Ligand code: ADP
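Take a look at this one chain, the form predicted alone, written out in C-alpha cells.
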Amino acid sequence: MVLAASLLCSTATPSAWGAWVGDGEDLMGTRVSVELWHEDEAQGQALVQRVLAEYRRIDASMSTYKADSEISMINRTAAFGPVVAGEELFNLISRSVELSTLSAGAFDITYESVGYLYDFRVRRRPSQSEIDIRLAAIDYRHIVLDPAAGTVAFAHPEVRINLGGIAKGYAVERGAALLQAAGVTHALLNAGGDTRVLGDRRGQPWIVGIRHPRAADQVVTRLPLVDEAISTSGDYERFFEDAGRRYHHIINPMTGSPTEGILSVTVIGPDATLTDGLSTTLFVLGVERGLEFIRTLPEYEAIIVDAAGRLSYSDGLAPPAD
C-alpha cells in the first residue's frame, strides 16, 4: 500500500497544559509517523517512540524484503511442510484468508507468487510466459492453516505470500491500541496510505485530504474524521511506464498483472487493518463490483477514482442529488 492521503492540519503550539508531540521515519517502503497530544510532553515523546518501535517490530516480522523475517522464512519452507508461525503473524494471515474468501479472491496475499518478479526500482516486469508459468500458484486456497498447531503450509510448490496489502493498516491499528491503553485520546498514526486517528484534534475533526492520483500537490476531496481509519490504494507510488502502459504494484490475482481501470480507492471505517485490505480489494474489483461489495459492510465506506478521473462514492458518502 502507498501514501495516498495528505494530512491537512498544522501542529498545535505546545502549552503549559500539554503538547502535541510526534515523530516519523522511513520504514515499510514508505514514511511512517505518529502525532499525539499528551499533558506531559516527556511522557508523550516516550509514547511516540514506543509506537515507532512497534512499527519496526512488525516490519521485522512481516517484511518480504528482509531475509530473516518470519514471513520470509515461511515463504522459503512452507511448501515443504507445515511451519510454526508466531501467533501474531498466524492471525494476520488468517484474517487475510478470510478477506480472500469474502471477496472471492479479489484480495489474495498469494499474489506474491508472481508479484516478486516485479521490481519497480529497476523497471523490471515479468514476461507473459513467466507469469503464465506461475499464475496457478496465485490462489489463497493453497494456504493451509492449522489453528490448533499454529502452522502454515503451502499446497503448491511455487506459492509465496506478501502482507503488503494489509500489514501497514495492521501496524497503525496496533499503534493506536498501544496509545489507547496508555490513556491517549487524541492521536494520528500513519503508514503511507494508511491512517488511524484517535478521537478528534482537541475540539476539531482531523481533516484528511485524498491525494489526486495524477497531481501530487492536489486533493480530490477532504474528509473530517473522528476516531476512524482511512486507507488509500493507488497506482501512483510504486510504478513505472513502458510502451504507454503503467506497471504498478497492485496485482490482479486473476491475471498476475497490474490491475487496470482504477487510479485510486479510499476506504473509511473503524479498523485500519480492514480498511487497508479493503482498499486493495476494491481496487481489484473495480467501480461497480467494488461498490456492491462495500455495501455488504455497513461500517465501511469508499471513494473510487476510475481511469477517467471520475469519482464514485459508496452510499454513505454519496453527495446529495441536485
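One rule holds for the numbers: they count along the sequence shown, beginning at 1. Just so it is clear, the model here is predicted, and its values are computed rather than measured.
The form predicted in complex with this ligand exists for this protein as well; it is not shown, and the discussion that follows is about that form.
Contact between residue 269 and this ligand in the predicted bound form is not found at the 4.5 Å heavy atom cutoff. The closest non-hydrogen atom of residue 75 lies beyond 4.5 Å of this ligand in the predicted bound form.
Heavy atoms of residue 164 reach within 4.5 Å of this ligand in the predicted bound form, making it an interface residue.
Contact annotation for residue 230: none of its heavy atoms lies within 4.5 Å of this ligand in the predicted bound form. Between this ligand and the residues 85, 223, 179, 250, the one pair within 4.5 Å by heavy atoms in the predicted bound form involves 250. Heavy atoms within 4.5 Å of this ligand in the predicted bound form are found in one stretch of 67-75, 204-212, 141-149, 102-110, which is 102-110. Residues from 228-245 that approach this ligand in the predicted bound form with a non-hydrogen atom closer than or equal to 4.5 Å are 232, 233, 234, 237, 238, in the order they occur in the chain.
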